[in-house]
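This document opens with one chain alone, in structure tokens, the form predicted on its own.
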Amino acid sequence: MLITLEETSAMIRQGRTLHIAADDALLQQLPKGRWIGGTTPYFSSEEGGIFTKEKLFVTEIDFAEEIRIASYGKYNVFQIMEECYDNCLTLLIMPYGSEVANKYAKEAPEVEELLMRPTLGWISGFDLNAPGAAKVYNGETGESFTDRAVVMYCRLPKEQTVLINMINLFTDDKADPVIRFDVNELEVTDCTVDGVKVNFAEYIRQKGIDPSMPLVSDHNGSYLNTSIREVREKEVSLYAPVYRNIEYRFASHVDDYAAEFMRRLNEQGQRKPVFSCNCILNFQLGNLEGKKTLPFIGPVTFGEVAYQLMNQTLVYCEIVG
């Protein structure tokens, strides 16, 4: 729910357990308590998509029997697997552009144990039209970070289970060329296209590829996106890393981004998410300002975490049982 600073502060003082997303100027004013937070001024609210620096998006974590809050740097971020409860949802927030986010993005797909620990979260951001830095907050200590992750471990009743899911617009055309990379990186120069080595930036320009369409990799029918941040002269910057030994193709073009996104939302049927977040690229390209995406409400993010880092997706979780 999108509420005022005074309302949010009152909830914290009441001892309630909260996940909070807001502009940094608001998060700085909150009292200490049982909360974690991250910066963004973009939200999917009950009233529709909105940009605001006047309110905070607050999600009450009322499904947990017990919670614990911690923070991690790039050298120990994967301790989250060892320090969570046995039956646990791990809520994770990392600042955009930080070394800890880059480390997690590059290595999470190779950490097999992570798939056994339900981990959901997002990359915090800032106003795209103003100077700023992404931050995360440990509300328990009052600390803020630009270079660490914050985590809330949520222990569930033993009869309950966490289900994590995502909504992705994109698929590929199997007739398109296969693109491969030999590095796990966020900045790439060369790739192979159907086995032929080329400069990736030149390939995008020569083929007239729309950079709003991400690279996609097919994991047994489940598509994961890697979105393009910038195409430079000889280098391409990405929002999430590509990985060696993975086959990529560019996503099939979506004629009406906004209509297709809403259609995918409607396909979900009756859902009861306890947490969800949506990518800033979906917000912009899908023209979601003012549009309702119920029941999927929450922060609009600079990356989504559903075990590993995602791009151009909406991720959510439900508690069942």
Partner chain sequence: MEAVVQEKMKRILQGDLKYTSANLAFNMLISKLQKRVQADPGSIELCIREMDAFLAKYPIVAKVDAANIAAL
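Everything numeric here is computed off the predicted structure, so don't read it as measured data. Residue numbers count along the first chain shown, from 1.
Below: the form predicted in complex with its partner chain, not depicted.
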Three-residue site Ile164, Ser222 and Gln308 fully in contact with its partner chain in the predicted complex at 4.5 Å by heavy atom: yes
In the predicted complex, the residue from Asp194, Asp173, Glu82, Glu112 that sits within 4.5 Å of its partner chain by heavy atoms: Glu112
One residue of Ala133, Ile204, Val198, Ile246 in contact with its partner chain, assessed in the predicted complex (non-hydrogen atom, 4.5 angstroms): Ile246
Segment that reaches its partner chain in the predicted complex - one of 185-193, 227-235, 211-219, 134-142, heavy atoms within 4.5 Å: 211-219
4.5 angstroms heavy atom contact with its partner chain in the predicted complex for Pro118: yes
Close approach of Gln160 to its partner chain in the predicted complex, 4.5 Å, heavy atom: yes
